[in-house]
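One chain comes next, on its own, written out as structure tokens in the form predicted on its own.
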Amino acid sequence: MEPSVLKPLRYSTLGGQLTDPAIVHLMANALSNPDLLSLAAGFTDNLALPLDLVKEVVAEVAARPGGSETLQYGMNSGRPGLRREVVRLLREFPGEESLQCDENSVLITNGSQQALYMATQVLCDPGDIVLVEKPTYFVYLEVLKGLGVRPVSLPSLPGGRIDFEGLRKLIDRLGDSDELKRLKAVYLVSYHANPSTRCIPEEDKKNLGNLLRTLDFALPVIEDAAYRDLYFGESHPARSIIGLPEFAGLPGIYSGTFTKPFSTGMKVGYTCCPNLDLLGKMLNLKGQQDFGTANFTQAIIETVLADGRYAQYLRKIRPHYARKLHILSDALEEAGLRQLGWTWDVPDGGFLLWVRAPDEFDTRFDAPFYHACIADGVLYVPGDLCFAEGSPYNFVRLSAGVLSNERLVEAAKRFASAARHSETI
């Protein structure tokens, strides 16, 4: 027989444009090379993960009468008990006591990433527009790219707050160019944001709700609150979009997760959406994807929420991550990074630093500085990935999450050394 000739596959438009996401590249580097110290991966600290607690809960769940049901398929929307616990958790935040949602407006997802993807897929067609912050979560920008959706940065003031006069002008320009019909959503990372570490003030959320009410169409807001539980002092006082009267009747999607504050490997997140029609579309899509997040991991999360052990665990890990952030920041200072013109603030939540290099510095993947860091054995997230426009180029995101205290200090030294060497190139 003649050897078969390889013929080109006929991919879909989506399949043909898919590329390796930056997050996969960064995670592969972090996991495959033990000598490369990763300040890039947004992993949690293995030493702080609740292994002993999970062992206890697994035994308890298995010992319950009918405990084997947790190894069976569950409901597409998630365990009813877990959805009730999510509502109770949300109502414990400041000002959210009368939150108008119940278990029927909650969907359990495979981490918050699935919720973001499903919400975007339900709302957007290729060529549509989503407004995002500047900067914003770079993995969500890749979701938009993969779906053929165009991110456009919200106009912002110095310090990162929303420029509402500029936003009104942007909406007018879209109307003048007949692109307003393509505007489908606003995406906000509202608490200890990835990557900026900022929290959105309640005043900005209220002003946004009031502006959206003036539009002739319903523009959904997707609020990503992945780091809301990881505050160090007091919880940020701003209410969520689903708790503000200015958003009453407007379509809002609130996305939270138990991956960052509890266990990344369990991949349990949630969405609260009072607009049941919109939530129903997401449920239909989830039914096509996996017809339900893993029942067993849901049961574990439900148990620790219900008996208070989740809150107890948070009280332990919040100071842990606060210390790690200060260790990383202090080590960068001691290595002389500020003396080279780099600036940053230490946030009061999460485990990220958003660091600005001098204006002329280039931190992109293909820049000499990035290769100098790899050569020195340290990895970071280039900041240009976090901007819808792909610039500026002089920011980096550093994570204090996964490395031990000693390795954080060493990684900071390597990073500063590469910065000092790159200045002389």
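The numbering used is simple: start at 1 and walk along the sequence shown. Just so we're clear, the structure is a prediction, and the values are computed from it rather than from any experiment.
What comes next is about the form predicted in complex with a further copy of the same chain, which does not appear here.
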Is residue 175 near a further copy of the same chain? Define near as a heavy atom within 4.5 Å, in the model of the complex. no
With the partner left out of view, is residue 104 within 4.5 angstroms of a further copy of the same chain in the model of the complex by any non-hydrogen atom? no
Classify residue 200 as contacting or not contacting a further copy of the same chain in the model of the complex by the rule of any non-hydrogen atom within 4.5 angstroms, answering yes or no. no
Does at least one non-hydrogen atom of residue 46 fall within 4.5 angstroms of a further copy of the same chain in the model of the complex? yes
What I'd like checked is whether 15, 59 and 76 together line a further copy of the same chain in the model of the complex, meaning each has a non-hydrogen atom within 4.5 Å of it. yes
Location of a further copy of the same chain contact in the model of the complex, chosen stretch of 231-239, 291-299, 332-340, 94-102 [non-hydrogen atom, 4.5 Å]: 291-299
Identify which of 311, 215, 306, 346 has a heavy atom within 4.5 Å of a further copy of the same chain in the model of the complex; exactly one of them does. 215
Ok, 151, 160, 274, 220: which has a heavy atom sitting within 4.5 Å of a further copy of the same chain in the model of the complex? 220
What are the residues of 266-289, in order along the chain, with a heavy atom within 4.5 Å of a further copy of the same chain in the model of the complex? 266, 267, 275, 277, 278, 281, 284, 285, 287, 288, 289
